[in-house]
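Below sits a lone chain in structure tokens, taken as the form predicted on its own.
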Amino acid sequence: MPLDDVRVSVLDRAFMFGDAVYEVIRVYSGRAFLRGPHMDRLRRSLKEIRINADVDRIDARMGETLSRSGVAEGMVYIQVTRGAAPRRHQFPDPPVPPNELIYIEPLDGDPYDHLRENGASLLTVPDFRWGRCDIKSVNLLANCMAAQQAKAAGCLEALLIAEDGTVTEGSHTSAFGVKDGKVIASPLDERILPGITRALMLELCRRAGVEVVQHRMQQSDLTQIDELFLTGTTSEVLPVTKVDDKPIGTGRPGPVTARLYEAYHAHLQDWLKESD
């Protein structure tokens, strides 16, 4: 049905408590990119918060919805909630059926095209999110507040800084540094979402012979690194040239970031050919 016609109970636990998880999948040429890894992460998120939903069926419904949409370039949004029940903090007992939402949104071109050549500016913001950022939960208030703070400062994205000075990630992106030709990636833990594009980037580094150093980048490291870039479902691989109005490296997109962006699109083109 048209998205405007969708109705959800006000007693749905996503509305009351943010008791739900979600996925966003990029669509290229009418196909869902990295579909399998996204569904695997959805399974993990559901397991972690103990919602019993049939991900294989959701995957099939997503494919049907995408096919019927006629959207060639866009994104898929999937959300699974614990369902509608009287407002109690404890999970409904007995459990109620989960509510599932799937919708397709078209994208008109590359939303970051204007930043590919000159790079993006970021603002550092204290990371005050909850302690299980590895779960792709719809509880995104802290992310929204950080993103808005960055926007008010004229920046594209917020770079989140933990209490110990660690750079965790962006408000809706993964962050990588580059030093002496080596990519710096923070080890995954409960403070960092296991990004699907992030995982692909690590694989592309391996294929390209780019060394990856697992290192918890500190805010103080930002003045010492040569390059900084973000990855995400819609941002793909995006160079960063300023943080807190201070240049990263030369203040221009660097060669390693450019190489990995090319590797991303070469992989994408190979995938599209294989899917034909």
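Keep in mind it's a predicted model, so treat the numbers as computed, not measured. Don't overthink the numbering: it's just position in the shown sequence, from 1.
Omitted here: the form predicted together with a small molecule. The next part is about that form.
*Asks:* Considering only heavy atoms, tell me if residue 38 and the small molecule come within 4.5 Å of each other in the predicted bound form.
*Replies:* Yes, residue 38 is a contact residue.
*Asks:* Given that the small molecule is not shown alongside this chain, does residue 233 nevertheless sit within 4.5 Å of it in the predicted bound form, heavy atom to heavy atom?
*Replies:* Residue 233: yes, in contact with the small molecule in the predicted bound form.
*Asks:* Flag residue 174 as yes or no: does it have a non-hydrogen atom within 4.5 angstroms of any non-hydrogen atom of the small molecule in the predicted bound form?
*Replies:* The answer is yes: residue 174 has a heavy atom within 4.5 Å of the small molecule.
*Asks:* Taking heavy atoms and a 4.5 Å cut-off, does residue 193 contact the small molecule in the predicted bound form?
*Replies:* Residue-level check for residue 193: yes, a contact with the small molecule.
*Asks:* Can you tell me which of 97-105, 113-121, 147-155, 197-205 lies within 4.5 Å of the small molecule in the predicted bound form, counting heavy atoms only?
*Replies:* So the stretch in question is 197-205.
*Asks:* Which residue, 11, 24, 258, 268, is the contact with the small molecule in the predicted bound form, using a 4.5 Å heavy atom cutoff?
*Replies:* The option sitting close enough to the partner is 24.
*Asks:* Every residue in 136, 143 and 169 with a non-hydrogen atom within 4.5 Å of the small molecule in the predicted bound form?
*Replies:* Affirmative, all three are within 4.5 Å.
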